[in-house]
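Before any questions on binding or motion, here is one chain by itself as structure tokens, the form predicted alone.
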């Protein structure tokens, strides 16, 4: 086993856990820097005995971050939030936290820093989230000029909060709404456009950013092979969950009203800031390298989501599919 050490901030999150497994499989010693080490203990079996360690870390504390990166050959920042609560604001996490990690990585002499940002980050965006992501990139590049910046689109995979959310809605409700400012069900009226990227492809890009030369100091847009509008996304959900839900387009004003109330849930389903992001869509605008520059062929949504959306299918459909091969014998 190589003696190289990688510190992964946010290693227990959706993207982070896949990054942990990639580095462990590649033979690295993996240090996972998280707030709650007990909740992240499920990742210990991802490596050999002693290969994966957990260290309690707050990215809002200089000493805590410095201790987490001590001796690391590479540092990965997977930390991100989708809504603000109390002291966990977008600026505190995406800007100040990212800056703190970058400065600590530079001071510790780490050879590589990979910072996971977001597609569509823009200093002039109406969304606070998107502006904070852009400011975070600037802070990282200022503190660690050779950092690799990855901007994934909506990330899908078994634990995602995108397709799983709609799968759950399809299981519970007779209608799947999408939001549009154009007359629904006409050309161009299918709502915002997305270019979902598979979490395994993102994790592979993170690994190659560190292990393959030529990626330092660059910014990459990580997207899937196809652009979908929201109506097409919901049609995929209907198909994979074996549901026949009505897919209905409604004006964005409805989303804004819903978000006003939903933002107060313990885990908001939708916030006003997310509506601004949703309205803008999430596709690559070109001009930046992507997965192909890592030698990665982007994985298609259709070949993967069915493997985990099947749990939202009607029980009788799942049973029928399970028994049909026997009936044909």
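Positions refer to the first chain, counted from 1. Remember, predicted model here, so these are calculated numbers, not experimental data.
The same protein also exists as the form predicted in complex with a small molecule; that form is not shown, yet it is the one meant from here on.
*Asks:* If the criterion is a non-hydrogen atom within 4.5 angstroms, does every one of 13, 93 and 129 touch the small molecule in the model of the complex?
*Replies:* Affirmative, all three are within 4.5 Å.
*Asks:* Residues in which of 71-79, 169-177, 225-233, 251-259 have heavy atoms within 4.5 Å of the small molecule in the model of the complex?
*Replies:* Result of the contact check: 71-79.
*Asks:* Does the 4.5 Å heavy atom contact test between residue 147 and the small molecule in the model of the complex come out positive?
*Replies:* Contact check for residue 147: no, nothing within 4.5 Å of the small molecule in the model of the complex.
*Asks:* Does residue 53 make contact with the small molecule in the model of the complex, using a 4.5 Å heavy atom cut-off?
*Replies:* The answer is no: residue 53 has no heavy atom within 4.5 Å of the small molecule.
*Asks:* Can you work out whether residue 279 and the small molecule are in contact in the model of the complex, taking contact to mean some heavy atom pair no more than 4.5 Å apart?
*Replies:* Close contact is absent here: in the model of the complex, residue 279 is far from the small molecule, nothing within 4.5 Å, heavy atoms only.
*Asks:* So, in the model of the complex, is residue 98 in contact with the small molecule at a 4.5 angstroms heavy atom limit?
*Replies:* Residue-level check for residue 98: no, no contact with the small molecule.
*Asks:* Give me the residue from 155, 102, 121, 207 that has a heavy atom within 4.5 Å of the small molecule in the model of the complex.
*Replies:* The residue from 155, 102, 121, 207 that makes the contact is 155.
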